[in-house]
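A single chain, nothing else alongside it, follows as structure tokens in the form predicted on its own.
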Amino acid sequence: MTSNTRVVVIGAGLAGVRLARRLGELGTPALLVGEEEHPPYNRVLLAEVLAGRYAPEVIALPAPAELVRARVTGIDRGRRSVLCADGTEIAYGTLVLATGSNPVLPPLRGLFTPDRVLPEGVHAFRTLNDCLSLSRAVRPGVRAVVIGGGLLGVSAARALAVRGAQVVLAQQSERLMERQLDPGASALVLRHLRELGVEVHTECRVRDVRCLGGAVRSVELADGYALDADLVVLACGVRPRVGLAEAAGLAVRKGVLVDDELRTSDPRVRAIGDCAQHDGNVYGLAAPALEQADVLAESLAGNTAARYTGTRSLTRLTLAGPGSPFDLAAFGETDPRPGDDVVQLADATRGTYRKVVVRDDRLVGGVLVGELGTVGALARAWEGAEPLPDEGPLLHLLTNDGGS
């Protein structure tokens, strides 16, 4: 393929690899440019590597035929070329940004050394290198503080506890995973972590990281209480990685703005995955990234009808550990509006919780914790957005464990 028609994809994560693979299948090969030293991998499974459940090679993604390892430093839209840190220049016909997101590093005193690096023992948890560094540092009895109680923080705390660490999780809001779960489901996640020995503090703000000799020694809370720490894990969310797009003059808000054909403000530049903002949404989840990659592959291969109209995504998390796994799933609107119907079933003994929200005879959201045999049937009813049957559908869906 000549350079003036070549598709070049920046980013070798889930979205970029999926796009390159699908384009290859459709006869439109792409050049993938990734900056990490490792082969492409599934970032969703990093917590399982940290827990020791999977070896790093298990989460590897099928590598596309053309993969260049380089750090991109700039985009010259006039010359239609990508500039790399090693001085090389890559020409493109169509450029795709699949640059993903960066971890949010909270504004804590003492978080950085004078030369602006994280002190020894303080780790972000975003890349395989982060994961491997943590894995080398964790050992039975090590004191670990996880800052952030969202999906990533809960996963990291569980993984460290499984490895024998003494874990404290500090969450600023009033409950765990508040973006995905309602209070009932959040309480079960809290119970599960405590059963693994994790000490959880909610409505708790960390203000200071204390170091000695360049290594972390403690974390200080806003009320002055200090937590001894050999390890600190920063799990405070992610932010779309849009620096290249901004420097190139593309339209950016929270993410790189794209239309239904995933075009940016420059029609020769597209964007997918965590860095893209479509119709006001920056998803930051695997399912939308993969769907965007599939749509874009069809579009770049010549399907003029290919459009991305948004993703109705389901969040699912399996927390493996001693005993049976702890599963949860959440989708749609889990907080009812006035006039909505809610069906809720809870079994404290079995540690299960099921709740669905119905509006105008349509399933608009749900939360399931434990024994997720029903998740398939419920997700299909939600995704289809069809009116539910008149007679007893909700109780049947909630109690039918053969629906997955």
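Start at 1 with the first residue shown and count on from there. Small disclaimer: the values here were computed from a predicted structure and weren't measured.
One more form of this protein, predicted in complex with a small molecule, exists but is not displayed; see below.
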| message | Each of 192, 200 and 327 within 4.5 Å of the small molecule in the model of the complex, by any heavy atom, yes or no? | response | no
| One stretch from 260-268, 138-146, 183-191, 240-248 that, in the model of the complex, holds residues within 4.5 Å of the small molecule by heavy atom | 240-248
| Are any of the heavy atoms in residue 101 no more than 4.5 Å from a heavy atom of the small molecule in the model of the complex? | yes
| message | Residue-level contact is defined here as any heavy atom of the residue lying within 4.5 Å of the small molecule in the model of the complex; does residue 43 satisfy this criterion? | response | yes
| task | Answer for residue 20 alone: is it within 4.5 Å of the small molecule in the model of the complex, judged on heavy atom distances? | result | no
| message | Is residue 35 near the small molecule? Define near as a heavy atom within 4.5 Å, in the model of the complex. | response | yes
| field | Residue (of 72, 108, 162, 295) lying close to the small molecule in the model of the complex, criterion heavy atoms within 4.5 Å | value | 72
| message | Quick check on this chain: which one of 289, 235, 232, 96 has a heavy atom within 4.5 Å of the small molecule in the model of the complex? | response | 289
